[in-house]
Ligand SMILES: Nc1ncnc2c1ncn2[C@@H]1O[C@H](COP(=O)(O)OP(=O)(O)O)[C@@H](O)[C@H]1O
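Presented as structure tokens, the chain that follows is alone, the form predicted on its own.
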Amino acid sequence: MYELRAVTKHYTRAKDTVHALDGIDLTIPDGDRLVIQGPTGGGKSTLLQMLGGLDRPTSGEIVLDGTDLAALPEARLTRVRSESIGFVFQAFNLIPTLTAQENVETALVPLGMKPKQRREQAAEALKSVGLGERRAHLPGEMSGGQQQRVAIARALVKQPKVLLADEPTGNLDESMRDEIMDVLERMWEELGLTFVMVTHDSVIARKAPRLATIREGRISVKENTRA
């Protein structure tokens, strides 16, 4: 479970101070599926980065399963990210010179896993997202939707507790959007993940069990009765 307590994030731009997060209090239970919406610059991606340990708050606590990520030394924080948190981004962030199989395996290298186990686990992850037959293909040989499936397999191959997604359908058309959301929702249910997603897409937001809105660094959360 995540517990955010009085989390702030302030940036200095020229002579101005930007309050990207302004006293966020938020609880995300295990197994939750939370969608975050809000205007551009409202703090959505900043919050997701805090949840993933990709950035540290100016003040406050970001507690995951009893551990304050904000207070961890960098080496331990890197370990938490490697083991417990999977990331999916709008830009697929695949290495163009590596095959789908090799891209997925990169998530397992920091865990010290033996090559044979890495290969087997990556192959199984690709199969789970419907790309078992595309393991040897380079990213440039696949559609945008297929590349995002590879990215999802890479995020989940290490069997994380948390999946964080930042506009994962932002580069896709409507049909591919629906396809990718079907994959993400199926993985959430099958793996019992805690799933937090940032999106501008109101169609996606309407289907989420819980919806958070961030404006000017402040958050409100409601149960989504239309989900």
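C-alpha atoms forming the largest set that superposes within 1.5 Å between two forms make up the rigid core. Owing to the predicted nature of the structure, the values given are computational and were not obtained by experimental measurement. Just count from 1 along the sequence shown to find any residue number.
One more form of this protein, predicted together with the named molecule, exists but is not displayed; see below.
So which of 160, 42, 52, 60 gets a non-hydrogen atom within 4.5 Å of the named molecule in the predicted bound form? Of the listed residues, the single hit is 42.
Is it the case that residue 206, even though its partner is missing from this view, gets within 4.5 Å of the named molecule in the predicted bound form, heavy atoms only? Output for residue 206 is no: heavy atoms all beyond 4.5 Å of the named molecule.
Just checking whether residue 199 would be counted as a contact of the named molecule in the predicted bound form - the rule being heavy atoms within 4.5 angstroms. Result no; residue 199 lies far from the named molecule in the predicted bound form.
Find out whether any non-hydrogen atom of residue 46 is located within 4.5 angstroms of the named molecule in the predicted bound form, and reply yes or no. Judged by the heavy-atom cut-off of 4.5 Å, residue 46 is in contact with the named molecule in the predicted bound form.
Should residue 20 be classed as touching the named molecule in the predicted bound form when contacts are defined as heavy atoms within 4.5 Å? Yes.
Just one stretch in 187-195, 172-180, 33-41, 63-71 has heavy atoms within 4.5 Å of the named molecule in the predicted bound form, so which one is it? In the other structure, the partner sits against 33-41.
Does superposing the core leave residue 161 with a CA shift of 2 Å or more between the shown form and the other one? No: residue 161 shifts by under 2 Å between the shown form and the other one.
2 Å or more on the CA of residue 200 between the shown form and the other one, with the rigid core superposed, yes or no? Yes.
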